[in-house]
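Shown here is one chain on its own, the form predicted on its own, set out as structure tokens.
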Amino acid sequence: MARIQTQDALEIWCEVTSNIVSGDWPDLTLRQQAILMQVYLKPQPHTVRGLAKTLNITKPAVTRALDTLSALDLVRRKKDPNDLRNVLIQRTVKGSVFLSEFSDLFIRQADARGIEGPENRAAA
């Protein structure tokens, strides 16, 4: 299999986003997607302050994005039992399923193009 090239990456992104906007997927902004991926892919705990710092955006911008993600049940807010001033951002089952299906779209598109994933490169 070939390694991914810039044009392939952009075409995969185009195909995946086209599938998402034409399907029954939540209409997330890039900011919401970035926050969602931080929560699911980076070590916990996650706070509004920490997400704002990591993504170099304001706390109100994170809060607005979390409002939408929470309403969609993709993340959950919970008071930090150790410091009640903090709110922890937690994963949900629905969010895990969403990202799993989202990543499956990428994998299927890459496979259709004969592009190897990182798991295949490690075995080579």
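Don't overthink the numbering: it's just position in the shown sequence, from 1. Only a predicted model underlies this, so the values are computations on that prediction, with no experimental measurement involved.
Quick note: we don't show the form predicted in complex with the DNA, though the next part is all about it.
* Between the options R64, K42, K53, K94, which residue brings a heavy atom to within 4.5 Å of the DNA in the predicted complex? -> If I apply the 4.5 Å criterion carefully, the residue I get is R64.
* Asked: Is D73 close to the DNA in the predicted complex, meaning a heavy atom pair under 4.5 Å apart or at it?
  -> Taking the distances in the predicted complex, the answer for D73 is no, it never comes within 4.5 Å of the DNA.
* Asked: Can Q33 be called a contact residue for the DNA in the predicted complex at 4.5 Å between heavy atoms?
  -> No, Q33 is distant from the partner.
* To do: Verify the contact flag for T68: yes if a non-hydrogen atom of it lies within 4.5 Å of a non-hydrogen atom of the DNA in the predicted complex, no if not.
  => Output for T68 is yes: heavy atoms within 4.5 Å of the DNA.
* With heavy atoms only and a cut-off of 4.5 Å, decide whether Q90 touches the DNA in the predicted complex. => Heavy-atom contact with the DNA at 4.5 Å: absent for Q90.
* Heavy atoms within 4.5 Å of the DNA in the predicted complex is the criterion; list the residues of 42 to 61 that meet it. => Sequence-ordered list: T47, V48, R49, T58, K59, P60, A61.
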